[in-house]
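One chain is shown next in structure tokens, namely the form predicted alone.
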């Protein structure tokens, strides 16, 4: 019996599972001949992101492409196929005391190709950057089923156009990623999270003190009371009794982490309540923050990208909405999420989204909807207001995929 699947209510779409790059190339050529579409997937952890498909076709399950091609640990790089899960990759790297410092929800089923296509990042983007900073080589198949490559397997490779950055975050619309070479970092000797507690009127001052601090945190996560309650419960830790919680993370060798903790306590400890979590309690807390957006109870998610200086005011404003969300922000990066469990109506969601977008404009930013019921997507305009650079994105799409084979309709402006 053939497997099928729906994407945002569109379907049923048959699922095909190529067993290698050669068979994937054949599949692309067949789709091109039929003017059909291909929708590449891995663990389907990011499948809720984007608009509904616009063209009949097939879902391409890439999880069989999961080989480790090259792992020269001394060079701190690894080359793997795109279907490898992030959990498998993490375990492989940890044996050599290395890691890819990207926070990924559902790492046991999320695949490298999927997180590259969606450009997934998390709390530690403040200290370590995003996926685009770690991809030094990439391979993909074009609309003719032929392989094209960019970058290489060494960090100093600078030949050619930087197609790596173009493909990362393209949501599978320019080709199907089959392989990537990643630069790595050593595992930290120690991981610590300081829990700073504050009331609404204190947020601006706390974030300013962190900005001018002599310390260098790898993450600064801001949680409202609803989000903190969920995160701390998932980590099986006592919930702080406060309106807002700031999680300030430090990683590195033990001496450096210890100095930074002591320094931050000196800088803000006299005015704020601080609770420290070291290693064995820090790790479950960090994991719970990363997994928050992927919890089954979450039905709708907004994501705002604004100036970091506008974060405190933005978060306090959206926390006053009648249907209060779980608010979580990468506070020093200007990324704010609102999560709502089931029970929200389309009218309520549309009203709140208007508020979020008006506030984001004041913070020189924008808002997208990574997660909501499929039936709402057209009304909510999940990719935000029309972009002035959409014509350029369409030109790039036309050059890479003139037949509209790859993930049609799902990206910005219906690309």
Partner chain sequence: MTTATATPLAERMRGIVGAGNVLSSASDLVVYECDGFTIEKNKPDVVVFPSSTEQIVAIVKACVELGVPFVPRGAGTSLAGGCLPVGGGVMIGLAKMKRILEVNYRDRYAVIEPGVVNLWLTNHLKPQGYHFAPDPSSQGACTIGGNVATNSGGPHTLKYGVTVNHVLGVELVLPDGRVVHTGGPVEDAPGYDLTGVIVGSEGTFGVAAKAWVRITRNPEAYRTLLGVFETVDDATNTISDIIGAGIIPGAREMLDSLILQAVEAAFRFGFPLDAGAVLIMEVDGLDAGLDQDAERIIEIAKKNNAREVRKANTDAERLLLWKSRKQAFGAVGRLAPSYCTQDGVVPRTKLPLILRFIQEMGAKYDLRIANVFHAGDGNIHPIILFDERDADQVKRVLNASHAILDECIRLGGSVTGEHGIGVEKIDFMPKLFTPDDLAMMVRLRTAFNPDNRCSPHKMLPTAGACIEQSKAGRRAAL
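This one's a predicted model, so the numbers in the text were calculated from it and none came from an experiment. Residue numbers count along the first chain shown, from 1.
The same protein also exists as the form predicted in complex with its partner chain; that form is not shown, yet it is the one meant from here on.
Checking 90, 79, 305, 202 for any heavy atom within 4.5 Å of its partner chain in the predicted complex turns up a single hit: 305. Shown without its partner, this chain lists 373, 370, 52, 363 as candidates; in the predicted complex, only 363 has a non-hydrogen atom within 4.5 angstroms of its partner chain. You can rule out all but one of 232 to 240, 191 to 199, 338 to 346, 127 to 135: in the predicted complex, only 127 to 135 has residues with a heavy atom within 4.5 Å of its partner chain. Of the heavy atoms in residue 214, some are within 4.5 Å of its partner chain in the predicted complex. Although the partner is absent from this view, residue 400 contacts its partner chain in the predicted complex, with a non-hydrogen atom inside 4.5 angstroms. Shown alone here, residue 123 lies farther than 4.5 Å from its partner chain in the predicted complex, counting heavy atoms only. At least one heavy atom of residue 169 is located within 4.5 Å of its partner chain in the predicted complex. Contacts to its partner chain in the predicted complex (heavy atom within 4.5 Å) from stretch 122 to 146: 125, 132, 133, 142, 143, 144, 146.
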